[in-house]
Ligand SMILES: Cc1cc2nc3c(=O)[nH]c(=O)nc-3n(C[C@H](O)[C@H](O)[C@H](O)COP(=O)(O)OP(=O)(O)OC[C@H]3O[C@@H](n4cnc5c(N)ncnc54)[C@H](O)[C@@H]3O)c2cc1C
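The form predicted alone is given below as one chain in structure tokens.
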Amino acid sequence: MSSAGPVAQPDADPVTGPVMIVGGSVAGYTVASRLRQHGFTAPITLIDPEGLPYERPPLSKQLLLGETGPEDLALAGTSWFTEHEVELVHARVESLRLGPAGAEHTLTLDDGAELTAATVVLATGATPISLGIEVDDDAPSANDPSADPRVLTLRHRDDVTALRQILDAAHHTGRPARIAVVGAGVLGAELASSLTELGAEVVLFAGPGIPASALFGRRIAARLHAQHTDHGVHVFPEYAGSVRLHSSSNTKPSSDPTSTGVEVLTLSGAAVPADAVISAIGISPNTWLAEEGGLELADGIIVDADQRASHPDVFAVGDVARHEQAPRRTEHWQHAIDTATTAAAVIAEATPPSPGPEWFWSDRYGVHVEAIGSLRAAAADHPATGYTVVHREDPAHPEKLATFVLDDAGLLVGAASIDDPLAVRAARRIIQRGLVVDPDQLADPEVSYKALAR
């Protein structure tokens, strides 16, 4: 793996040949749909082993709760692909051979078939980071502990099905399932909320401090974190070090006669029993194809402002892409849409949109939280040097809370809110217009957001 650095690009020729999109995420699908919207007429193929692209944000919420079905998550039906002449290939890409710029590039599928492309778009996403696993020598999963059905991640529809089966199995025994959730970021918090609503007993390994403070600002993050205890979640203020799986002949850890053989081991040495454990400690970008193609990598595929990788015929979008000047990758849904939209515009020789501030949302325990821009300066008890942090609280609506971060020039750089989406909507306009706002007015609930964003 090479280090990050400027992506040197020769002049790229207009794309007239086939485009192969690897990965049917929202990013991959958006590239295909935007290309057709731009009037791009060359063949487009989207390759993904799961078939029809689908939305992932509902996995930990609506799908887990049974409020929607797997088929409802599809971003488009088969008729859309037929109508827009986008070929959908149900397969896994095993290898990528890149030719010189402007030449054919070859993708080999898991059935041995080879496809050629003039342009390759990598929307390969990311894989959840697994927990370390200890397992009894005679356990059924001793040879492959990662395949044990009691050790889960949540990235695909099948993961939700597996989790629901564990919940149902415990329900049939007349007791709630005990689920350990490791990681209290956005995904871990949503899982804890949904599992609690489903009647499970949840143990949340959150680590010390207030999780997600850099995402939402410390005050909002603290209020959100307190919801877990309020809803009966057992919050463990320690990091989980590993998971121990017991053998089939000793399926119940001695410390708890009701669980089914899983123990989460903390760094301090505690062993916490559970029926299953879910890892929600982050994701790692899927870069194996890019590495095989010799692309520039550094915790993701390094891309320029056009989403072009270090080969002029290759683009990367979504979770797997990392802009060359960015300190870290971005993993939000809106980022996937934005990067895909940019790549499609560049391939179709249209004008790419101006990048907007990062935006994401989360729902848990019946509240809605949004954030835009950067809240890192509000992550601690005191604002970072050079920044002002403003909180807006309305006595008439105590359920609402908004946090704003201003830089030393008085420009808004980030905002987050609980049950107050107008705050973030106004913040987006203020950031994009470069308006200087008065901190006192931001804090005053009597001053309308509309007036601040004019």
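The structure presented is a predicted model; accordingly, all values stated were derived computationally and were not measured. In this text, residue numbers run from 1 along the sequence as written.
Not on display, but discussed next: the form predicted in complex with this ligand.
Among residues of the shown chain, G125 is one whose heavy atoms approach this ligand to within 4.5 Å in the predicted complex. Interface residue remark: G414 is not counted as part of the site for this ligand in the predicted complex, having no heavy atom within 4.5 Å. In the predicted complex, this ligand sits within 4.5 Å of a heavy atom belonging to R92. Of the heavy atoms in G217, none are within 4.5 Å of this ligand in the predicted complex.
Partner contacts here mean any heavy atom within 4.5 Å of this ligand in the predicted complex, and among 345-353, 326-334, 166-174, 200-208 they occur only in 326-334.
Scanning L187, A212, A290, V277 against this ligand in the predicted complex with a 4.5 Å heavy atom cut-off leaves one residue, L187. Checking E50, D419, D407, D394 for any heavy atom within 4.5 Å of this ligand in the predicted complex turns up a single hit: E50.
Shown without its partner, the chain has I47, D48, P49, E50, R56, P57, L59, S60, K61 in segment 40-75 as residues with a non-hydrogen atom within 4.5 angstroms of this ligand in the predicted complex.
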